[in-house]
Structure formats: structure tokens, C-alpha cells
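Take a look at this single chain in C-alpha cells; it is the form predicted alone.
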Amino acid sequence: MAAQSADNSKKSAVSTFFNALGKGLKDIGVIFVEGDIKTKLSYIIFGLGPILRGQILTGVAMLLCEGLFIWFMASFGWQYLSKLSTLGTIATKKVGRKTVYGDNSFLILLFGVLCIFAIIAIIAVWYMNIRENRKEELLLKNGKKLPSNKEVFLSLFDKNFDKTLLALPVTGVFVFTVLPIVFMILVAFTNYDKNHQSPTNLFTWVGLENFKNIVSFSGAGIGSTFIQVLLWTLVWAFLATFTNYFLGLAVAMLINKKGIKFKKLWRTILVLTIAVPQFVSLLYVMKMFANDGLINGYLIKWGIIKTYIPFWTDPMLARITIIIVNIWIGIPYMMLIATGLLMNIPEDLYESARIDGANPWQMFRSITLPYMLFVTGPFLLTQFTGNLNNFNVIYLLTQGKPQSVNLAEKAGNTDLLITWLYKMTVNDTNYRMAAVIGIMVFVVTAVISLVVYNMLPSVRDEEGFQ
């Protein structure tokens, strides 16, 4: 049912998009045919119609957008956009003592994408300009008066204040979020790595070669390494999420139990692990469990072991140690959340269950756990997706080590996809494969999030606990 609902919503979204596109194209044709000369001229000169009708503020704003676009494309935008198909053909080289600068693939790709966004934006402004002309024409034909420039200006702080308020944040989201994401996706289709660094060495388009490499299990393919890192990432995210969840819930229930003394003291002790920055605590823990660290040192000193325990050098033991350390970090957060939620469960439910002869386990299974899962379902999903990209715990404890000759691209046995991506980018400057891994991380996270979200009781039955 959840999958069917997702498919229906997807079809509905696609249908809505094409209906809106068809309506927009029809409006453009109808407005041009029925419009006056001022409207027709506005198809070429933005805002001319409003300016001729006295709407100076609106018209000048649209004309300014067109002017800025023409200046941007003419001054330097076009020279990058025109080379986007090749990403440059002339490399920078030295002629004697003089450096002759050629194309820069990085800037061509960056500003080429920016030009495409600028073209989409100017098309949107052009359509708004056409709609504005139509609105003004209809008002005048109906004998109504157009708003004055002062009224238009004041509306920016009144009925149109939402547009004024959102203009800067939306622009920022496109420039600092959407643009880098699109750039990263496009890098995955190039050969941008340490051997193709601009401006000395150009990089170019290679199509799906990088994606074939990541799913190939022969030759130079890294499919085997990718599968191993992906499986460990999923196992880690599952264990890190649910061990913290259930153990944190258990600790909260234990502290909240009647008869337990010094409740505030126990909570304070647990919260202290949150107060200390993870950067400090995780590095300290990493040193404690090292071969020559405190744990091994005292165990040998006391005669419990004869040789050090390879906490960070044995692949399986390193993974187990990471999960245990993460439990120590994560339990206090869940304990605090669970404490507040447990206090909101009506005591009458427990009293009724006791009268009916239910034991503590039955009350937990039938009352406490369903309530907690219903309320904290979205939180659990957030924690799981967060653990898929949990860079701090893995990198500060092991840096992805221990290494293995069976893993390609310097991947370690404890590397998650996100730490592997980091090492590819920072250590090896293998931007093309890092971009592919980034896309894979997004796909895995998005698919799991969408599937699990539609299965959550709090989403499927919002009225269930009302």
C-alpha cells in the first residue's frame, strides 16, 4: 500500500508538472495574440508595458533583470557556456619563461552551470513579465485603476511581504546549495582527478565510465570494495540506531522506576558525556584503546592478558569497538528524549494493565513500546539517516582503518561511504569517484528514507493515538 501510494503521488506530481507547463505555453500564445502593442513589445523588452502604463517600479525591476542577464552573458557567461560541451581544449602551458594561460575546465563547468541557472531564471522573469502585462491590460479593460508606484512599493512590506522576505534566502539556497549539488553530480560524469587538475591539465566528459567502474567487479573496477563498504555502512547505521534507542529507553525506564534514589545524579552523570565535545572525547577514547593505550597497558600490567588486544587493527574487533563506543555516546541523548516521553504516558493505562494481571514485560510490550515507537518513529528515521553519514565517530576513532589489500581506492575496513568519499576527495583528489560515491550516498539515503517513512505508524495512522 505504501509503495502504491508513493507511485500514485509520483504520477500525480509528473501529471501536475506537464499540465502546468502546457497551460503556461498556452497562456504565452494567447496573451501575445490578444495583447496590445505594449504587451507585444514587452516580449522583447522586459517591463516596457508596465513602464508605459505608469507602473515604473515593476517595469524597471523587470528591465533591470534583463539588463543584468545580458551583461552577465555578454561579459563572461557565454565564453564559459560555449565551452561546456568540451570543458576546454587549450591547456595552460609554459613558453620559455612565460606562462600562456588556456582554458580552465573547473571554471568552465562552474560558470557553465551558473549560466544555465541564469537562463532558467530569466525565462521565469520573462513569463512573470508577460503575466504582469496581461493583468494590467485586463484591469484597464474593466475600467479599474492600476495601483500607484507607492502602493506597489508598500505592498512589498504588506501583502507581498512573504515574497520580499523569501527572496534572499531562496537565492542563497540556489547559489550555495543547489548549484554545488548540480556541480557535484556533473563532476561524476568527468575524469576530474589528480591527473586532470585545472588549469594545467584539463578534464573532460567521460559519460557513464565512472558509474561503470563502481559497479564493475573485474579489472580496475571497484565494485567489490563499494559493496563491502555499503554493507558495513548499512549494518553500522542499523546497529548504531537501534542499540542506542533500546538501551537509552531501558536506562530511562530504570531511572524513572519508583524507588530509585538519586535520579537527578544519574541523569547528570549521563549528560556529562554530551557536555564534553565529541572531538575531544572520541580522540581520547581512540588513544585509550590503542595498542599502547591505557586499556591494553593495565590489562597486561594486571596479568589479565599477555599481549595487547588489537582493538583498532583487527577489522572485526575494530567494528565491534566502534559500536560499543557509539553506545556510550548515544545513550544519554536517547535517555533524555525517552524520559520526557515516558512521563506523558497516562498512568491509568498501567493501572488497568496491573488489574488485568499483566506483568512488567507485557506492559512494556503492549503499552510503553507501541507508544514510544509511534511518537519517536520520525526521530528513529532521522537517526538512521544521520548514522549513514556519521563522519565523526568513524573518522575520529579509526580514520577508516585498518587498511586491507582487498579493498580498492585506499578504503579501510571501518570506512563508511561518507568517510571513503572524504578520503577520496581530500587525500587522493579523486573528485570524479568521490562525486559518484556522493550520488550513491544520496540514492541509498533517499530510498531508505522514503520506504521507511511510508511505513511509520505515525505517518500511516496519524489519528491512531488521538
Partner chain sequence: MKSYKTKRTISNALGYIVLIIISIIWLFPFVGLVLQSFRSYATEYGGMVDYLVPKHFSLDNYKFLFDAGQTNYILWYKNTITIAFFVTLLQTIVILCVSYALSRMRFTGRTFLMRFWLILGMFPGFLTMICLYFLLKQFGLTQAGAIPGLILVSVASSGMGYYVCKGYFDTIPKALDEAARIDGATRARIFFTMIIPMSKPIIIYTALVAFMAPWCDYVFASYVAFGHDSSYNVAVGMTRWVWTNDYQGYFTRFCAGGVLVAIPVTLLFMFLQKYYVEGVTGGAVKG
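Numbering follows the first chain given and starts at 1. The model shown is predicted, which means the values in this text are computed figures rather than measured ones.
Form predicted in complex with the partner chain: not shown, discussed below.
Colleague: The chain here is shown without the partner chain. Which stretch in 222-230, 126-134, 94-102, 252-260 comes within 4.5 angstroms of it in the predicted bound form, by heavy atom distance?
Modeller: Heavy atoms within 4.5 Å of the partner chain in the predicted bound form occur in 252-260.
Colleague: Exactly one residue in 277, 346, 207, 357 has a non-hydrogen atom within 4.5 Å of the partner chain in the predicted bound form; which is it?
Modeller: If I apply the 4.5 Å criterion carefully, the residue I get is 277.
Colleague: Can you pick the one in 316, 74, 173, 304 that has a heavy atom within 4.5 Å of the partner chain in the predicted bound form?
Modeller: Here the answer is residue option 173.
Colleague: In the predicted bound form, do 85, 235 and 408 all put a heavy atom within 4.5 Å of the partner chain?
Modeller: Judged in the predicted bound form, none of 85, 235 and 408 sits within 4.5 Å of the partner chain.
Colleague: Would you please decide whether residue 412 lies within 4.5 angstroms of the partner chain in the predicted bound form, comparing each non-hydrogen atom pair?
Modeller: Residue 412 lies outside the contact set for the partner chain.
Colleague: Is there a heavy atom of residue 150 lying 4.5 Å or less from a heavy atom of the partner chain in the predicted bound form?
Modeller: So residue 150 does not count as contacting the partner chain.
Colleague: Taking heavy atoms and a 4.5 Å cut-off, does residue 106 contact the partner chain in the predicted bound form?
Modeller: Yes, residue 106 lies within 4.5 Å of the partner chain in the predicted bound form.
Colleague: Mark residue 112 yes when one of its heavy atoms lies within 4.5 Å of a heavy atom of the partner chain in the predicted bound form, and no otherwise.
Modeller: Close contact is absent here: in the predicted bound form, residue 112 is far from the partner chain, nothing within 4.5 Å, heavy atoms only.
Colleague: What residues, if any, in 176-199 have a non-hydrogen atom within 4.5 angstroms of the partner chain in the predicted bound form?
Modeller: Contacts from 176-199: 176, 177, 178, 180, 181, 183, 184, 185, 192.
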